[in-house]
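Quick heads-up: it's one chain on its own, the form predicted on its own, in structure tokens.
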Amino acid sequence: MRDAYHEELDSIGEGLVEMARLVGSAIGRATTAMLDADLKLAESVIAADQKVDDLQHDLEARAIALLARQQPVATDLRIVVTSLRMSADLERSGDLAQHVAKLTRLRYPQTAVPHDLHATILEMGQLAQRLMAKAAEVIITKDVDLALQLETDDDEMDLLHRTLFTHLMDDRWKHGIETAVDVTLLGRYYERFADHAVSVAKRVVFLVTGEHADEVQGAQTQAAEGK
């Protein structure tokens, strides 16, 4: 019975990894669809989000069933509860990728991104995909140090987000209000996607240590300064 129980716990972790990989792929494909005005690709991203939703619903059902049947304590309880929270982060990440694809569909056959911002949006999409890939690796390895790195990695996304606003506030902006709104929304989608990847990693830190990520980082900093 206990073997089956721990297999079920492991399967919940595997489900989280699959969700992370799916939403990471989705944000990459949505970015390509946006920049290339590829309606077919955008529609495939929109449709594929249902699989992420289905995975979350299945994971939630299994986690709640485990809570009811096994009444886990200590580390096992943290695994179940933290997994529920991570699945919510990942489901929301899928929604954000879908938002990018829906904006592509809305503006087709044009693109919402002016040519002079293509490189920035491409970089944001690629970074979002890398952050989610790292979050998936953190779920698999339970590597606390790698998890803590994600917040530092996210600083790059914040910088790119500010770059967009610098362009929008420039007196030389010539693309109109509608495009400015589109670019503002896109920047927000990518910035929030990255935040969810960081949140997933922080939840793994709590799962492993029983402490919040900022507490672990603070302890590491104090230890380093004490040397």
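Fair warning: this is a prediction, and the values are worked out from it, not measured in the lab. Each residue number is its position in the shown sequence, starting from 1.
Just so you know, the form predicted in complex with a further copy of the same chain exists too; it's not on screen, but the next bit is about it.
**Student:** Do all of 134, 137 and 208 end up near a further copy of the same chain in the predicted complex, with near meaning a heavy atom within 4.5 Å?
**Tutor:** Not a single listed residue reaches a further copy of the same chain in the predicted complex, so no.
**Student:** Which of these residues, 160, 180, 48, 37, gets a heavy atom within 4.5 Å of a further copy of the same chain in the predicted complex?
**Tutor:** Of the listed residues, the single hit is 180.
**Student:** Looking at 141-149, 108-116, 73-81, 121-129, which one sits within 4.5 Å of a further copy of the same chain in the predicted complex if you count heavy atoms only?
**Tutor:** In short, 73-81.
**Student:** Would you check, heavy atoms only and a 4.5 Å threshold, whether residue 58 touches a further copy of the same chain in the predicted complex?
**Tutor:** Although a further copy of the same chain is absent here, residue 58 would stay clear of it in the predicted complex, with no heavy atoms inside 4.5 Å.
**Student:** So in the predicted complex, does any heavy atom of residue 85 sit within 4.5 Å of a further copy of the same chain?
**Tutor:** Residue 85 belongs to the contact set for a further copy of the same chain.
**Student:** May I ask you to state whether residue 102 is within 4.5 Å of a further copy of the same chain in the predicted complex, using heavy atom distances?
**Tutor:** Contact with a further copy of the same chain, no.
**Student:** Residue 62 near a further copy of the same chain in the predicted complex, any heavy atom under 4.5 Å?
**Tutor:** Residue 62: no, not in contact with a further copy of the same chain in the predicted complex.
**Student:** Any residue of 140-176 with a heavy atom within 4.5 Å of a further copy of the same chain in the predicted complex counts; write them all down in order.
**Tutor:** Sequence-ordered list: 165, 168, 169, 173, 176.
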